[in-house]
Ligand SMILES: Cc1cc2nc3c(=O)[nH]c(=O)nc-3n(C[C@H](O)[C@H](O)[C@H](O)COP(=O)(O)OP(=O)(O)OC[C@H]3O[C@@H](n4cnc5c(N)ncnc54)[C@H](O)[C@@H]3O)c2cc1C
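There is one chain below, alone, in structure tokens, taken in the form predicted on its own.
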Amino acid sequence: MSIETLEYDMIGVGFGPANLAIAIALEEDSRTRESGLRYCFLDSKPAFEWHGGMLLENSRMQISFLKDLATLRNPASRFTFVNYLHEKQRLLPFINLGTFSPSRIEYNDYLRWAAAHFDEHVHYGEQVIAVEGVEERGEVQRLRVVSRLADGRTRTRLTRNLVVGIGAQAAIPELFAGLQGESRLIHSSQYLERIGQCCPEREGRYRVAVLGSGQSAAEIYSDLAGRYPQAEISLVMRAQAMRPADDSPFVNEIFDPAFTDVVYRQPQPVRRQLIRSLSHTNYSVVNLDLIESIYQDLYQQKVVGSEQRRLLANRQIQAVAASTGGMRLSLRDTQSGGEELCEFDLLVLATGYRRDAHWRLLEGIERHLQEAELERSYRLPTRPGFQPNIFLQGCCEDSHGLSDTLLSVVAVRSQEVADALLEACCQPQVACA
């Protein structure tokens, strides 16, 4: 059953930080009101949430609070993190902390605070299931966006501009693909949601393995060690050791908005090599203080003669299987060549994320898309006769660099997309409603 069809000048799919920053940029741009721009955002979650599965009690942001939703675009914005602190009456206490890195829990609260200002523009609990072209006079003039509500009904909306910012999806290694749905296997994105169900007793002698060598793996390993003092916790990784994240000033410049132009203007082979050479700044790295904390914990175990927590480095997973006793991993030591069978009550996959779901979302208009490079304004190139504009957010690392999937550029990028949107909407042939 389909309910009313509505028309907008712009529809945003997803309402995470990327599209939230665009909503703020539009709100603060006088052209939005002058043109009468009608826009909305659709999000499958029942309410705003940012990485809810990893809002661990002691986890901190890995970027400065100044790289918030607005400051780098407009320091005077009322949507800055500093103004959030002011409105929450915590500005001075935060200053006294002497840090640029708020807790992840606090930053999530900041994002929710900002998102609440746009409740009239956001429709939560709607999963977009189709994007189709609407042909008029032999050309595709508009897009039909179909979403499914929690009660199974569908809603159809029309738009001339689409901004896709649906975030990342859990990356499940092929070895584990056939075990999805297994209650003793969870991805890090579901960690807080499911850990209490899987391991309900604080003093339980659970056997848990965390697979991965990045920040999420290290944070979950540490959280488990504190959450279940009697459990056996293993951190399994292919690497020799956890590598520290490089947040030194010169390296951090690759995440500056201006570096996006440096990356984008390179020929594709050079760009790929550049991104590959810098990938160690963002992938499979851990904050140094967390590495030191884990090392200290493992050392203390040697002092007291305990083997409750283990670091299984240089391990290649050969096979995985569910058994009556739990989850069985077949591991090979890539240094010694030795093999071992380990059984765990629970496996936590801190194996990263995929950012390609937008292609499935756009399957209905695939024939209208050109096999060409994404435009600098994040607009997808389309074939002649296709008039709508489609912008991608947070999935453009190959063309715009490593910062595209991070919070570092959302403020500046939001203005770039807003400029392109408002220019498109205010053309005479595509007049705003």
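In this text, residue numbers run from 1 along the sequence as written. In this text, all values refer to a predicted model and were calculated from it rather than measured experimentally.
What comes next is about the form predicted together with the named molecule, which does not appear here.
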Any idea which of 28-36, 383-391, 367-375, 55-63 reaches within 4.5 Å of the named molecule in the predicted bound form, heavy atoms considered? 55-63
Would all three of P17, D43 and L361 be in contact with the named molecule in the predicted bound form, where contact means some heavy atom lies within 4.5 Å? yes
Just give me the single entry in I254, L72, V128, C198 that has a non-hydrogen atom within 4.5 angstroms of the named molecule in the predicted bound form. V128
Residue among I166, V236, I233, A115 with a heavy atom within 4.5 Å of the named molecule in the predicted bound form: I166
In the predicted bound form, is there a heavy atom of the named molecule that lies within 4.5 Å of any heavy atom of S399, even though the partner is absent here? no
Non-hydrogen atom contact Y295 with the named molecule in the predicted bound form at 4.5 angstroms: no
Answer yes if any heavy atom of R155 is within 4.5 Å of a heavy atom of the named molecule in the predicted bound form; otherwise answer no. no
Whether R104 contacts the named molecule in the predicted bound form should be assessed with a 4.5 Å heavy atom distance threshold; does it? yes
Taking the named molecule in the predicted bound form and a 4.5 Å non-hydrogen atom cutoff, the residues of 225-251 making contact are none
